[in-house]
Structures are given as structure tokens and as C-alpha cells.
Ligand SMILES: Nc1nc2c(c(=O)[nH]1)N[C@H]1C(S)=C(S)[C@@H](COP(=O)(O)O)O[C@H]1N2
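The chain below stands alone, shown as C-alpha cells; this is the form predicted on its own.
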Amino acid sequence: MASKLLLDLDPGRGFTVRFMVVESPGSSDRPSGRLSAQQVNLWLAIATAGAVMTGLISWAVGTEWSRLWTLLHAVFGVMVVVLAPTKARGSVATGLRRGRATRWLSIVFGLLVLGAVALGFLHTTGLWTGIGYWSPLWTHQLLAFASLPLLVWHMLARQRPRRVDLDRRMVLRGGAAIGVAGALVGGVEVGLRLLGGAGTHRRFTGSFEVGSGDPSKMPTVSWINDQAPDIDLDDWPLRIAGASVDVAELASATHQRAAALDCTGGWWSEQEWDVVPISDLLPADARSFEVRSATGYAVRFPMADANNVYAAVGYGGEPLRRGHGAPVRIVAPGRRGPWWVKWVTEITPSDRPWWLQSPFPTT
């Protein structure tokens, strides 16, 4: 609350002075200790943005560090659920009563976020594994990406932070919400282990094993809309460091390397790949090397990783299947699926830094 001095001037009566107590901007009539509607909105924005960022990082990291990012992603997602009832009783109910045309955008945004959280839960617990290769995790990701423009709009139109909201109450109550979300995530994990649920068999990235040691059972999914090219495998146009290379000649120099392909769609599969290290194919004085697919898809690797990135022509002594990238694909242990380029037509050394590219290929 704040005091305010008012001056009334009337030509016939002179002037009067009134001293009033008025409500300060940003104050509310909430009970002591509770978050205001604006503070709930702000924490929801933090939780949603945190879920998006940690999800993207866990998507990209294929090492044990992915376990941490996957855990944080789950905590932020559950935090949205923890705060959702307060949001529904407060600003959602008020916004619907106002009848603004844009309320439908807010409703769609909320449904997308809650749908993404629900699908993430179904994937984590293994209660639903999807239809064919259309997994709940892939649908979770689609809903999350679809919500991003609405998240930006909602934050600009509805949730602009105010200094008055950033008080001790917000920090303490928001921290408590994070604690509750963490406890719920831990409770689900403990429950899965006690009940022996399917979710206990996830890899540290959150993916489920499919077809390890049996290439015929390994999925044949591709990045976004890539499709197996219709090119004669016996006359494959492979160029390495600017020179044409015969695939059969490449196959004669392979050895076997066990590696797990961990797809961002929520599955992983380990095979004995027939490979040649990229370090055997390119000069060592370049800064990076680019791998390009017949579909136009391309990824750049640091040259320092050339000893642990491979050109593969088969698995378990048999040639690659077309859906798995025949006749040549990349095997990149410790990296997620988007780095495992299929249908390779060109491997080129480059003086450009490897990080000078989109975090996730767009073609």
C-alpha cells in the first residue's frame, strides 16, 4: 500500500487537500505467502522455457551428461503440472471471463504444453510406445516445437515481468514448486523400479532399446522428411576429399566397431558396424570435415573427432539396408541420431570451424 496526496481546485470554493491511501501498482489481495497470478505466470514461463532448453540439450548430447539434462527436463515439465491448477483458478478463469479474442491462442498454447507433458510421461513410464515408428516422444517433440511461437507471444502479451513481482515470496514459493516437481519425478522413477515397469529399461538419454544385434529389427526412421534416394547402389556417387571412391574398395578396408545408434525419436540400437575411421580417409591438417547425404542433409564434425567417427558400409558382416543408409552411412559413437548421416555421397575436409552450423540440421 502507499499514500497519495490529492489536490482539488474549484474556482468557486478555493482548493482542498485530501490525503488518501491507495493500492500500489502490482500489489494484490492474495493471502499472505501465496504467489500472485503474475508471479505464477512468470514461474510457468521459466518452467516452460527451461523444459524447452533442457530438452534441446538432452536431444543433442549422446554421452552420460545427457542423464542430467534429461532429469532437469523432466523436473521442468512436471513443474508446469504443479503450477497448472493455480494458473487455472487464477488468470485462466479471469481471462476467459474477459472474452478477449486472443484467449483461444492462450487455450491452444496451454493444451499444447499439457499435451507435451502428458506424452513425455507416457514415454518415460513406457505405458504407451506409440503406433509403429510414431512414438509418444516424437509427438511430444512436435507439440513442444509447435508451442514455441505461442510461448513467445504469451510472454510478450501476458507475462511481461515487473520488478514488483521479483520478491522474496516469489523465490521461496517458486523454489518450493521446483522441489515438489523434483520429488514427483523421483517418486515416478522409484515406483517404476519397484513395479518393474517398462520405463526402468531406458538408456541414460531416455531411449528404449530396439533390435540390438539384429539389424532387421532396427527402425529405419529418417530426419524430418528425408527419404531413401532412388539411386543405383552399384553405381553410388561417393567422393572423399574430392576424389571418387568405389564403395566396394571402401568395404575391403573395414573392421568391426560396436556402437549404439540413439535416435531422438526415443529408441536406441547397438550393432557391430563394418567401418573405416574418417581419420584414415582425410588429411589431418583440416579444422573440420563435412558429411553430405544424397538427400542434401549435411553435418560438420571437428577434425579432432575423426578417430571416433566412421564411414560404415554394413553391420555384422552384411551390407547396410537401404532404409539404414546403404551403401554408406556415418557411425558416430557418443552422438545422437542426427549426426549419423545416411546415404553419404561426400566427405570433405574444411577450414571452417565445426560449430559454424545450425545446432540441428534443417534439411
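When you see a residue number, it is the position in the sequence shown, counting from 1. It should be emphasised that the depicted structure is a prediction, and the values quoted were computed from it without experimental measurement.
What follows is about the form predicted together with the ligand, which we do not show.
From the list 61-69, 42-50, 332-340, 302-310, the contact stretch for the ligand in the predicted bound form under a 4.5 Å heavy atom rule is 332-340. Shown alone here, E270 lies farther than 4.5 Å from the ligand in the predicted bound form, counting heavy atoms only. Not displayed here, the ligand is approached by S222 to within 4.5 Å at the level of heavy atoms in the predicted bound form.
Taking non-hydrogen atoms only, P319 never approaches the ligand to within 4.5 angstroms in the predicted bound form.
Proximity of T124 to the ligand in the predicted bound form falls outside the 4.5 Å heavy atom cutoff. When the ligand is considered in the predicted bound form, only one residue from S207, S135, S293, S147 comes within 4.5 Å through any heavy atom, namely S293. Checked against the ligand in the predicted bound form, the candidates C263, V275, L83, A74 yield a single residue with a heavy atom inside 4.5 Å, and that residue is C263. Although the ligand is not shown here, in the predicted bound form the stretch 293-328 places heavy atoms of S293, T295, Y297, G323, H324 within 4.5 Å of it, in sequence order.
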